[in-house]
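First comes one chain, alone, set out as structure tokens in the form predicted alone.
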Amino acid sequence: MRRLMLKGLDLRKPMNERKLAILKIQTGILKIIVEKLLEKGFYWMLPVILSKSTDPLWPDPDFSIEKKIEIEIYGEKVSTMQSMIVQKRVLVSLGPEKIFILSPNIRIEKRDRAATGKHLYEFTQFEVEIAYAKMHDIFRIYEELITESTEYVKKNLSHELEILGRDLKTPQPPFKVYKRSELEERYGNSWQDEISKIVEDPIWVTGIPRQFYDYEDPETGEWRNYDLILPEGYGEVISGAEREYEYEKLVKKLERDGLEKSSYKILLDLAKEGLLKPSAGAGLGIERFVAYIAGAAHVAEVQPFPRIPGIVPDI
């Protein structure tokens, strides 16, 4: 377990050499990712912060949310964004069919996740969604973004890596793919932590029973979704799926999971009218990916103003 040494961080002092090196690496990574997607014809969309519709994060097996933040504005109840899954689906159905978003998320994680080194209660996802795409289309996109940004850092920011004492390896695509059921059978419920310590390159893990919007084959029971697991104990950095788009299946799964259908009215209306396009996408946790590239001891090292579960800073 990584040691948590950031609680007493004095933000009134100038940033040290290590912190500046991490922020420079983060800037380089974002530069490459954005440029690559713009070259591929993606639209860059701006994020939503407050909405009636956000990701329920339930029944994700990794669910650990202590509190969902809800407020009232203009006489209506809205939530802070936990992920822009609903908005992404609407955008690629009614607007541009290839989009990316730097999306701030607020997930009030349980306090005991402070010491994992991997969790924050405010973080940014690099979201991608593509109409009519399949699982392996998303694999290839993110594999390219990861390898290209890693190579950029090694080539152009070697001084910063030296400051951090980081011997960075470029992973070789295509990344290996495993089924969750196989890993769980071999390593038990802690399969993610165990496999993350063993692998040398990132791996894809598929077939994870979770939220209603992930595609589930009604005949085989297969879930066409996926996580990308980083090596060196950094764990899951990407979560995504092919999407459910048929009205009857969406309604059935919402009822099964005990979710309010009114919270997802726009998705249901589009699906009922045949306007909700099949799509696939994923979100990459920027802070966790940068922490891996930089070899950071705790993901909060990446943030100028750390948001560690259970700790509320002065700023």
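Everything numeric in this text was worked out from a predicted model, so none of it was measured. Note that residue numbering begins at 1 and tracks the sequence as displayed.
Although not depicted, the form predicted in complex with a small molecule is the subject of the following passage.
In the predicted bound form, no heavy atom of His119 sits within 4.5 Å of the small molecule.
A residue is said to contact a partner when one of its heavy atoms sits within 4.5 Å of a partner heavy atom; Ile85 meets this definition for the small molecule in the predicted bound form. The small molecule is not shown here, but in the predicted bound form it comes within 4.5 Å of a heavy atom of Arg107. Proximity of Tyr215 to the small molecule in the predicted bound form falls outside the 4.5 Å heavy atom cutoff. Listed stretches are 263-271, 282-290, 27-35, 46-54; the contact stretch with the small molecule in the predicted bound form is 282-290, by a heavy atom cutoff of 4.5 Å. Shown without its partner, this chain lists Gln211, Thr206, Ser93, Ser196 as candidates; in the predicted bound form, only Gln211 has a non-hydrogen atom within 4.5 angstroms of the small molecule.
Here is the short version: of Thr80, Gln125, Thr150, Gln192, the single residue with a heavy atom within 4.5 Å of the small molecule in the predicted bound form is Gln125.
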